[in-house]
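A single chain, nothing else alongside it, follows as structure tokens in the form predicted on its own.
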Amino acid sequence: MLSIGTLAKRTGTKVETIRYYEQIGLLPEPERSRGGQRRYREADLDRLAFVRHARQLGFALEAIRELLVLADDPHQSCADADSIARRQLKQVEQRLSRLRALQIELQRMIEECRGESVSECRVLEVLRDHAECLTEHG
């Protein structure tokens, strides 16, 4: 059995985050020692590692909940997990597209700035007036 501190160290997760995951049902309520301390099993360690890795990949908590339901029933079709992963990929692609637009706009602002006085600063002009932007990045 593992203490919450050991579980936190082994997964690189803060103790407060572990408690939060328990509160929202991503982790099961752990057993307690006679003194009331949380005690975790290896299965809890595996589950927390799953949640942590999914968070690192950008999955929302609700998507992780859906994936855990699937993982808890190994006889289900993988199609639902695939669908959730595809949905996540689409969101990542959309974010990348917005970031590319930001990159283009920032590069343009910097290139057009002559570095003279603030009254003629292209960076400040563009920041004052969104209509000066060439890309949609909002």
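Predicted model, so just to flag it, every value in this text is computed and none were measured. The first residue of the shown sequence is 1; numbering continues from there.
One more form of this protein, predicted together with the DNA, exists but is not displayed; see below.
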Could you tell me which of 41-49, 55-63, 99-107, 85-93 sits within 4.5 Å of the DNA in the predicted bound form, going by non-hydrogen atoms? 55-63
Please tell me whether any heavy atom belonging to residue 10 falls inside 4.5 Å of a heavy atom of the DNA, as the geometry stands in the predicted bound form. no
In sequence order, which positions of 16-36 have a non-hydrogen atom within 4.5 Å of the DNA in the predicted bound form? 16, 17, 19, 20, 21, 32, 33, 34, 35, 36
